[in-house]
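Okay, so here's just one chain, in structure tokens, the form predicted alone.
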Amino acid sequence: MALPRTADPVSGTEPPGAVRGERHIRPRRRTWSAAIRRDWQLYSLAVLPLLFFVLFRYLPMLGNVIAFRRYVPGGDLFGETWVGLRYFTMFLHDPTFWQVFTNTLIIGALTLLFCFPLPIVLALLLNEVRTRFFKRFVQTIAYLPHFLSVVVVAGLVLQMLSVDGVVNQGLRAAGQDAVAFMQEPGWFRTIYVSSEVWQTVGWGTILYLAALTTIDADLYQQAQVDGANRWRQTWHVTLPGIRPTMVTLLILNIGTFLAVGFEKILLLYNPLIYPTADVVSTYLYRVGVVSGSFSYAAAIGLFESVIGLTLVLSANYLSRRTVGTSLW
């Protein structure tokens, strides 16, 4: 004799195979508290990084309110009186701001143009090297500048390009006149971008070399069977294999497009080369810290941050729609 079946509590129908009197046991959902109790050792490792971001990244964002208020050092922490968009109007009508903003765009574009593709090229070249000793030697020489302090790098640049430096001594030996590199505005962008390439390109190859190891070797064998030479294999196998890494790093670099190296520029520049060397970050330092116009500097910094956020969102959206790879 067949056993009676229970009715579905929602539709009122009896599911097939159900026996009257049986209770449907649903899988128990895992809660956050249960997960923390079970793996609290792992979650405890995230406490210090979270505290760092809360204290030094999120709490300081509350200070952006002084961009809309008149702040006086020693007074109210969040400003004394509400001034609205007064400071935004001031820098939008300030010719000096637009000069430093233009310098920031040019230096940021040149840095992105050279410092982004060169690590890819160096990683591809190192990937073709078969002599292990030579490959490690080149990697060590290329990585070494990354571990030098910005102060040391700036000191090297200033010493080499001074009037009595190595470069000018070489020019005099070749019968040429000495060039005051650090006093002529036209040379600064070349000097800054060259120093950035020297310091960052070698270290930037690490992620690309790691991405190259994940490419299946069978793909190269199949490409060889199809008659593809090394250039064709690089174009159709290697570059598509590291494309997600390339796109991710490109989006991150675009996000810091306006945040060009404050420390290095501050150590290298001087009033004689302000027309090409002064950028938004150094202008903020002079206006906010040196001159004490904290509200005005906060307004400029907030404007720069909004532009950076817009660039990241736009680059991520375009990357997702065009190549199918994005940060989120």
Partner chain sequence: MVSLIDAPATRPQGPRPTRGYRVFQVVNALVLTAVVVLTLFPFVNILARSFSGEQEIRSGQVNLIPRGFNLTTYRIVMSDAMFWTNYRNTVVYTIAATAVALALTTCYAYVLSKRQLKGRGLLVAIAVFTMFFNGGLIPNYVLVSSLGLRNTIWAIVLPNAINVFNLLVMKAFFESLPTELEEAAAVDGMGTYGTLWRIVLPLSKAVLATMLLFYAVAFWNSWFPGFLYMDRQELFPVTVYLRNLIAGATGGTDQTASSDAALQIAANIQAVTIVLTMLPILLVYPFIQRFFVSGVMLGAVKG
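All of these numbers come straight from a predicted model, not from anything done at the bench. Numbering follows the first chain given and starts at 1.
Separately, the form predicted together with the partner chain exists; it is not shown, and the next lines address it.
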Legend entry - the partner chain in the predicted complex: contacted by all of L126, Q224 and L327, heavy atom 4.5 Å: yes
Inset, instruction - Heavy atoms, 4.5 Å, the partner chain in the predicted complex: which of 107-115, 166-174, 93-101, 187-195 makes the cut? Say which one. - result: 166-174
Inset, instruction - State yes or no: in the predicted complex, is some non-hydrogen atom of T81 no more than 4.5 angstroms from a non-hydrogen atom of the partner chain? - result: no
Legend entry - 4.5 Å heavy atom contact, T89 to the partner chain in the predicted complex: no
Legend entry - is_contact(P49, the partner chain) in the predicted complex, heavy atom dist at most 4.5 Å: yes
Inset, instruction - Tell me, yes or no, whether V306 is in contact with the partner chain in the predicted complex, where a contact means a heavy atom of each within 4.5 Å. - result: yes
Inset, instruction - Scan 151-190 and write down, in order along the chain, each residue with a heavy atom lying within 4.5 Å of the partner chain in the predicted complex. - result: V151, V152, A154, G155, L156, L158, Q159, M160, S162, D164, G165, V166, Q169
Inset, instruction - Answer with closer or farther for the CA-CA spacing of G79 and L51 in the predicted complex compared to the shown form; it moves by 3 Å or more. - result: closer
